[in-house]
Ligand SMILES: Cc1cc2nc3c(=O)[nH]c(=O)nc-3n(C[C@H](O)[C@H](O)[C@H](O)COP(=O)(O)OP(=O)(O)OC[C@H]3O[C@@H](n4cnc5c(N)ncnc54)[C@H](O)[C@@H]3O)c2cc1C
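Shown next as structure tokens: one chain only, the form predicted on its own.
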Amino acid sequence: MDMDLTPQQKEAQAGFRSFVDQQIVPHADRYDQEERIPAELVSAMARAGYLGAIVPEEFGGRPIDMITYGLLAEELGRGSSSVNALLTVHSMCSFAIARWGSPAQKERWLSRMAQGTLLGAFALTEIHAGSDARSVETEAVPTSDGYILNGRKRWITFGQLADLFLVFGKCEGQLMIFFVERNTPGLSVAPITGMLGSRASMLGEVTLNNCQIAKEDVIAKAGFGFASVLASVLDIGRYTVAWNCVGIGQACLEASLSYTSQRKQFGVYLKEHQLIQQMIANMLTNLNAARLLCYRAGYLKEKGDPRMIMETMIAKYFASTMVTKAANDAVQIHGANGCSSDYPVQRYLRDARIQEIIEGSSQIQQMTIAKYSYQQ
């Protein structure tokens, strides 16, 4: 595996960092407090090509390799985990169409997704179903020309903004995946607020009440590609979240380096105290390890290596546990200031905690990784 970024990847990384420093970092705390991101930022991300990062060029996208895509997620996560959440769910939806959609579905949605005039979201979780996808209770009843869909989806990231939902349900006991547009009669979205972290991710509870879905809007059903679609879409989500964790971890490190270089206690800067140095050393070491796991996952994706799904899960598991520790130490280093909204590290800690839950909890990933280990 080549450990060096190409000149093109370095140039892209510098561009991502500049965008985040100018467009996101100065406003991220306000987004968190207001529990929303502005439409202007979504438009800016679209103009920069970020929302079309995995949309084929023929549909107006600006596709980038998976390492560069990871660098984009890292930089967005460094600025705001909530903003990166938009990239995550939008990319999961656009990937599903680009990889598994019919020619008609691609023509219908991909160009608008690349332009940012149509935002996608991933609607799997329900009140009684999360990690256990097979327990979804959303029900599809077949009709002569499609399906009638009823159910409630909860914790849907950017459900308040999304125009197109990738909805998981069951039809006659068999799992299926549907595309459901926001303007479908019977679909309504209730905002969810007051979350611990990723507060600007504009979560929604999506209710499907006798929604008529055309048979052309089905993307997968059990026995006909369902497992492949689900695994590949979740893989994109986990990859983006893993890099997001690296971004939050980088933000924790930079904030801690700056703070310990400016604040004095007992007549010397904090960075002169050995126990502070221990926390900084552990933060950097674990951050570098998480970044390397993400690079490996991206490298395998570029090669089309089948190990990429498990290596992405390993990267996501390690990075999400790493960033919780890094953010906790960053708050500890900042003392009482770290618990204040005057400093972003309290947001980093709240956002970090969410990463161990979304796109598969740490416990589910541990079980899967352990099972994989015995198969090697």
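Nothing here was measured: the structure is a model prediction, and the numbers come from that model. Start at 1 and count along the sequence shown; that's the residue number.
Same protein, other form: the form predicted in complex with the named molecule, not shown, and the subject of what follows.
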Inset, instruction - Given that the partner is absent here, state which listed stretch (139 to 147, 274 to 282, 198 to 206, 101 to 109) has heavy atoms within 4.5 Å of the named molecule in the model of the complex. - result: 198 to 206
Inset, instruction - Name the residue from C93, I156, L86, V241 that puts a heavy atom within 4.5 Å of the named molecule in the model of the complex. - result: I156
Legend entry - Heavy atom within 4.5 Å of the named molecule in the model of the complex - residue from N286, T184, T125, S232: T125
Inset, instruction - Give a yes or no for G116: in the model of the complex, does one of its heavy atoms lie within 4.5 Å of a heavy atom belonging to the named molecule? - result: no
Legend entry - in the model of the complex, V25 touching the named molecule (heavy atom, 4.5 Å): no
Legend entry - the named molecule contact at Q212 in the model of the complex, heavy atom, 4.5 Å: no
Legend entry - Exercise: S131 in contact with the named molecule in the model of the complex, heavy atom 4.5 Å: yes
Legend entry - Members of 344 to 376 lying within 4.5 angstroms of the named molecule, judged by heavy atom, in the model of the complex: I354, I357, I358, E359, S361, Q363, I364, M367
